[in-house]
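Coming up is one lone chain in structure tokens, specifically the form predicted on its own.
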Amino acid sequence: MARNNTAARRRTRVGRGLQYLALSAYLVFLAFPLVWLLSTSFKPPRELVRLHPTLIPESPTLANFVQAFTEQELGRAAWNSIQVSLASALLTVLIATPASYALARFRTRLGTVALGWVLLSQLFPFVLLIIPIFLVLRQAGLANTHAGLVLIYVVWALPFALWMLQGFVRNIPRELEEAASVDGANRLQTLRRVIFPLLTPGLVATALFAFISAWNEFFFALVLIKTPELATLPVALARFVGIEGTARLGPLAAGSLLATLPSLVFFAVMQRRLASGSLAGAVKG
């Protein structure tokens, strides 16, 4: 009996060690591109063209950051991206919240058709839609404007946001709404005091998805925005690649590193809401 227990504990320790090893390898796999970007952004031109590059810069410099800001106006492009991404995330959540509640709670033929549209819309490639979208926006006077870009991002993110958010609504027991109704709460009070607090993780996840999708999007911004002062950050970063495909690695790495910071900050801020919403759901559920 004692031998069996000892063997079982040994197998458990070995299994746990393998799990930690796999997790560490996965973290290294995820973190390496960011570490390489950080290293490259501080390297002078001579170190960037070495045949045997080092991970730690031997002569670190801030010249790449200065060059990135002075040549391509990354500050203005970042501000444009922040405005467009926040507006897209806010509008997507505002539209998706009531629509997903209706899809989850009221089973009608329209709801089935809407879910079919959600799945079907994900199959269309960008290239197939870009010319019709450009013509429609030009007729509406929204081409080459941030309003037009926000409209496209909201429409593009809405199907997946609906699909994701209606799953969160379905996981909220109907009995909670019935109990609130028995206690005298009307529909609006039930939504505000019962449903929305439990739906906070879903709303945060939807906002994160819409923000990051808009922040990273390149193709629509490249085609629809023609004025350099209105360009978003991905389009501004693409200008560090010459017409012959030669990339200026130093400024490009510095700009790309700075471009990742707002999304990380946004995720860190929203992650607290995500955790507090999950806790509220656990307590009230």
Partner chain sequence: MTTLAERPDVERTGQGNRSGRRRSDRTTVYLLLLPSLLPVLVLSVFPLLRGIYLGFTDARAGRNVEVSFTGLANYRELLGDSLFWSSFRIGLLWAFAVTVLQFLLALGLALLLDQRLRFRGVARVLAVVPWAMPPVVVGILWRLVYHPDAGLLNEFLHRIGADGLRTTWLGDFNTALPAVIIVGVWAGMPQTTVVLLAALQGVPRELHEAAAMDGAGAWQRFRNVTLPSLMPVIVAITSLDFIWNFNSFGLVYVLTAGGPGGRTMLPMLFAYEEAFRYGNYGYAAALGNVMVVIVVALLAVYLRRRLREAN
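Numbering follows the first chain given and starts at 1. For the two forms, the rigid core is made up of the largest set of C-alpha atoms that agree within 1.5 Å on superposition. What you are looking at is a predicted structure, and each value in this text was computed from that prediction instead of being measured.
The same protein has a further form, the form predicted in complex with its partner chain, not shown here; the description that follows concerns it.
The chain is drawn here without its partner chain; in the model of the complex, the stretch among 196-204, 80-88, 211-219, 165-173 whose residues come within 4.5 Å of it by any heavy atom is 211-219. When contacts are judged by a 4.5 Å heavy atom cut-off, S59 does not count as touching its partner chain in the model of the complex. Remark: P132 counts among the residues lining its partner chain in the model of the complex, judged by a heavy atom distance of 4.5 Å or less. A residue is said to contact a partner when one of its heavy atoms sits within 4.5 Å of a partner heavy atom; T54 meets this definition for its partner chain in the model of the complex.
Proximity of P234 to its partner chain in the model of the complex: non-hydrogen atoms within 4.5 Å are present. With contact defined as any non-hydrogen atom lying within 4.5 angstroms of its partner chain in the model of the complex, the contacting residues in 20-35 are Y20, A22, L23, Y26, L27, F29, L30, A31, F32, P33, L34, given in sequence order.
The Cα position of S41 differs by less than 2 Å between this form and the one not shown after fitting on the rigid core.
Taking 2 Å as the criterion, T54 counts as shifted between this form and the one not shown: its C-alpha moves by at least this amount when the rigid core is aligned. Core-superposed comparison between this form and the one not shown: the CA of F219 stays below a 2 Å shift.
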